[in-house]
Structure formats: C-alpha cells, structure tokens
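Here's a solo chain for you in structure tokens, the form predicted on its own.
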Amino acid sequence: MRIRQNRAEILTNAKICGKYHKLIIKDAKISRNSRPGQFLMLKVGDSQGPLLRRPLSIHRVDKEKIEMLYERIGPGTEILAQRKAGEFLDVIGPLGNGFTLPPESRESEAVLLAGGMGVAPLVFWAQRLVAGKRKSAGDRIQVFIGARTKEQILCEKEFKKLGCDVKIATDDGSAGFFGRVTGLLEAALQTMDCQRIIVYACGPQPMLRELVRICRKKLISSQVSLEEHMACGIGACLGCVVNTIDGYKRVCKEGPVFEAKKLIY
C-alpha cells in the first residue's frame, strides 16, 4: 500500500444537511491507491493548531477526486467546516485496511449496515461491489441505514442510484422502521439465508456490539469498520487499540475493518 503525504486542493466543502458536510479534495495518487474502508488523516488548521490531525473515512472516489463526509461536532471539525474551495489541506493517506471480498468459490449476498456517519465508507464499498460484478458479491446489495430522525438519514439516494435495496430505521419512528437499525436487520434475517450473507458494517460502538452478537448467534460472516479516536493514524502512538482474540490490535493499522468474530466486547 502506498501512503502519500500531500497538500491536496479543496474542490468543495459544503453543508449537506444539519451539521453534516461533504468535503471533496483533489489528489490523483491518493485517489488511485484508495480502497473502500480506508481513511485519510487531515491537518484541518494552520501551524497554530489544532495539533492532531482528524481521521475521515473515504466516502467515494471519482477519478482524481476524493469525497469525505464529516459531522461538525468539535473544534477540529468546526475549523474544517470553515475551509474554502481553492485552499489546500495537508493530507496523509490512504491509511488502514479496508473491506475484503469473500473467496471466489463462495456465493454470497452483501448486506451493508450503517449507523449515522457509518454510511461514509459503505457508499465507496457499494460502488466497488457494483462495479466489480463479482458473483460472490451477489446480484443484490441490501443496505440498512439507521439514524436518530429522518432529517439525519444520509446517503439513501446514493445507495439507490447504485441499485441497492435500501431499508431505513429511525430511533423516533419518523421514517421507516421504528427502532434501532440492528432491530430492523434482525427482523429481516428471519426470511434470509444466513449462510449466504456477508454483513459489512460501520457505525457507533453500541450498534456494532449488537451486530456482533446477532452475527455470532446466527453464524453470519461479518466485517465491521470501527470508529475510534486516533492521534497519529499510522500505528505509532497505540492510542486506538481494541481487544481481539489475537490480542490488542491498532484500529488505524490493523483496522479499521476487522472480522466481527475476532472482536472481544
């Protein structure tokens, strides 16, 4: 994997709804080497701060353009939200290990599960699955999106444009299934062949913890992208370790994507 540090030009940095923004930068080499599930480390401010870079999942790649989604929730993302088109960001990436396809010999159906900002890397993965036309990836991609309210549902149109079958869950019942997205998935699994399914997921820890429980119970293969606070992004500081059956692993280096069956919650 080729990791690159560069000053990438901002093409777009716009609010899409509420506190959610889409950032598009231009860097042909990073774009060419990026894989679904990987991330970039961005220096959001100037030399005065903030000190630490911010990790953002790669949302989608289009030739030399790289798209990322982020939520304005703290000082770093507040600063990032003020950056304008035509300015440059110091970027390191692509970093981490992404999603992987099942063996060629295995026929399977892809199920994507996203909670909140967890949709960010899954659009790129759906894009790659559709473009690859792998038999092992299945003819149909089912996507389950969870959010607190209907106003916070992200990327539904993007998934549908790719031909995915999209189902929605909201905590307040304002759209789709009334409840957690894992509850929606568990209900849908009653009529699905669990031995053919591979679940790819990203979202908050409580959602992923419940997903791991469901997949273990039903013997479903699953890959999950973990959201952790990161300082360096390259495995040096050991600030983002998680417990697995193979010992402690760095989310930024061995992850962020792990096999669910290997995680210890």
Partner chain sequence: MTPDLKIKIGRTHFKNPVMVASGTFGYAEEFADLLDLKKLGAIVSKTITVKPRQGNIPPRTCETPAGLINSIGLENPGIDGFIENKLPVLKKFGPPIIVSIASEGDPGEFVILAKRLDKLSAVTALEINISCPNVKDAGKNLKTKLISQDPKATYAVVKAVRRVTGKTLITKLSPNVTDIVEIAQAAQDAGSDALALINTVQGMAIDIKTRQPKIAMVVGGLSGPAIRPIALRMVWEVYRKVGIPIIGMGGIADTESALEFFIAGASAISVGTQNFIDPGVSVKIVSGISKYLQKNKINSLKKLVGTLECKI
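Numbering follows the first chain given and starts at 1. Every value quoted in this text rests on a predicted model; they were computed, and no experiment measured them.
Below, we refer to the form predicted in complex with its partner chain, which is not included among the displayed structures.
- A residue is said to contact a partner when one of its heavy atoms sits within 4.5 Å of a partner heavy atom; Cys232 meets this definition for its partner chain in the predicted bound form.
- Taking the partner from elsewhere, Lys262 is found to have every heavy atom lying beyond 4.5 Å of its partner chain in the predicted bound form.
- At the 4.5 Å threshold, heavy atoms of Ala28 stay clear of its partner chain in the predicted bound form, well away from it.
- Put simply, Val241 is close to its partner chain in the predicted bound form: some heavy atom of it is within 4.5 Å.
- With respect to its partner chain in the predicted bound form, the three residues Ala14, Asp62 and Leu154 uniformly fall beyond 4.5 angstroms at the level of their nearest heavy atom.
- Only one listed stretch (214 to 222, 233 to 241, 194 to 202, 30 to 38) carries heavy atoms within 4.5 Å of its partner chain in the predicted bound form, and that stretch is 233 to 241.
- Residues of 50 to 65 that come within 4.5 Å of its partner chain in the predicted bound form, judged by any heavy atom, are Pro50, Leu51, Leu52, Arg53, Arg54 in sequence order.
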